[in-house]
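Below you will find one chain, with nothing else, as structure tokens; this is the form predicted on its own, and questions on how it binds or moves follow later.
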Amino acid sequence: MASDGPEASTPLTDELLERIRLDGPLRFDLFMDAVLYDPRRGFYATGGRAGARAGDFLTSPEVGPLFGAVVARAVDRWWIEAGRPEKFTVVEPGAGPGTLAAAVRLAAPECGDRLEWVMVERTAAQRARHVDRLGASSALDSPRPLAGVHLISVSALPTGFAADVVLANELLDNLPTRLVERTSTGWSEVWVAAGDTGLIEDLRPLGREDPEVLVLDRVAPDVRSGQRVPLEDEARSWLRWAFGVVGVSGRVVVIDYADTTASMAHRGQGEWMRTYAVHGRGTGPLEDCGTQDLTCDVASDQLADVRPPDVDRSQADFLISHGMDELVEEGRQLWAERAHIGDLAAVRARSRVREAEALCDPSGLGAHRVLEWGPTSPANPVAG
């Protein structure tokens, strides 16, 4: 399954080849981190983003405002369940260009005047859009507006920051993942090396006593020789971080493509590790470095090692449970009343039906899973 490397190179590919020739091969997760987040030439640093027109791929918020309107309803429900506090803080890691935050603000949730929405985005190019397009504040201690949702944009949260909700929409699939393959003698890990014509794979055996092997044998005991799975250390670390942010009384919500490790082994790497560029599938993971998105489905059973989710359901079920059908019906009625005017409100109302179909399409965005962890209890501890 090794790659011979691309025929045409990119500036980041050239830099990675030079780095590897000087310092030795890169473990796959470190390679993935460079491809996506290198501060000068990584995919997100150079303008790669979601978007219906100018983006490279489409996420649920970019379909239209319906997704954000339903999330706003979910936030209202979580705020009510928390006792309607004077300040309710939602942290959105990996906020990208801020499309979800903008849609939530547009929906005017009931808790809006008390809602603080913190967009955490490590890429400076994306954070600039938060300030320029949304008027977000760039400091956590900035004064809140007189009315409406308070939008804040930061590169990272300080240690000890506390929030009521951590909501990650299509973030974990972009967290760097290790990549392993079952061989006739055990597990081997994929590293990225320099070949004669470009980047190539380098398989390195894992020792039988390595902690990673114990994890793999537990979550994928029946994987056959030649099959591959992700080893998502970063995702598990992220979940522990999220629990630290919300404490024992908060909520963590993850929306993403997700599957079990064993199922991914049988599906094949090309099905759960994908590249995207200009709204199409890209080339191989080692090719066109920095010019295409690189994603990996979330291994839900590996996250469950930290703590099993309280709820695991489809995106369609999540959206319906928070009133999507009601919003769609309101849209139909508003379109019937204002179709003869054809103003922006009427057009938005009409689009809700199309948006709902896209958000629930089982062959597309509807294939997302929504994993939710509520307040912790002695029966649901967080693994260290």
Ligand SMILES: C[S@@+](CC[C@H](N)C(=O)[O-])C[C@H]1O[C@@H](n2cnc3c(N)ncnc32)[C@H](O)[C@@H]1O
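Since the model is a prediction, treat every value here as computed from it, not as a measurement. Numbers follow the displayed sequence, beginning with 1.
Here the subject shifts to the form predicted in complex with this ligand, a form of this protein not shown in this document.
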Of the options 92, 297, 164, 232, which one has a non-hydrogen atom that comes within 4.5 Å of this ligand in the predicted complex? 92
Report the residue, out of 149, 253, 175, 118, that has at least one non-hydrogen atom within 4.5 angstroms of this ligand in the predicted complex. 175
Honest question, do 96, 122 and 171 all end up within 4.5 Å of this ligand in the predicted complex by heavy atom distance? yes
Partner-proximal stretch of 24-32, 325-333, 350-358, 59-67 relative to this ligand in the predicted complex, 4.5 angstroms, heavy atom: 59-67
Residue 126: touches this ligand in the predicted complex, heavy atom cutoff 4.5 angstroms: yes
Along 14-37, which positions have a non-hydrogen atom within 4.5 Å of this ligand in the predicted complex? 37
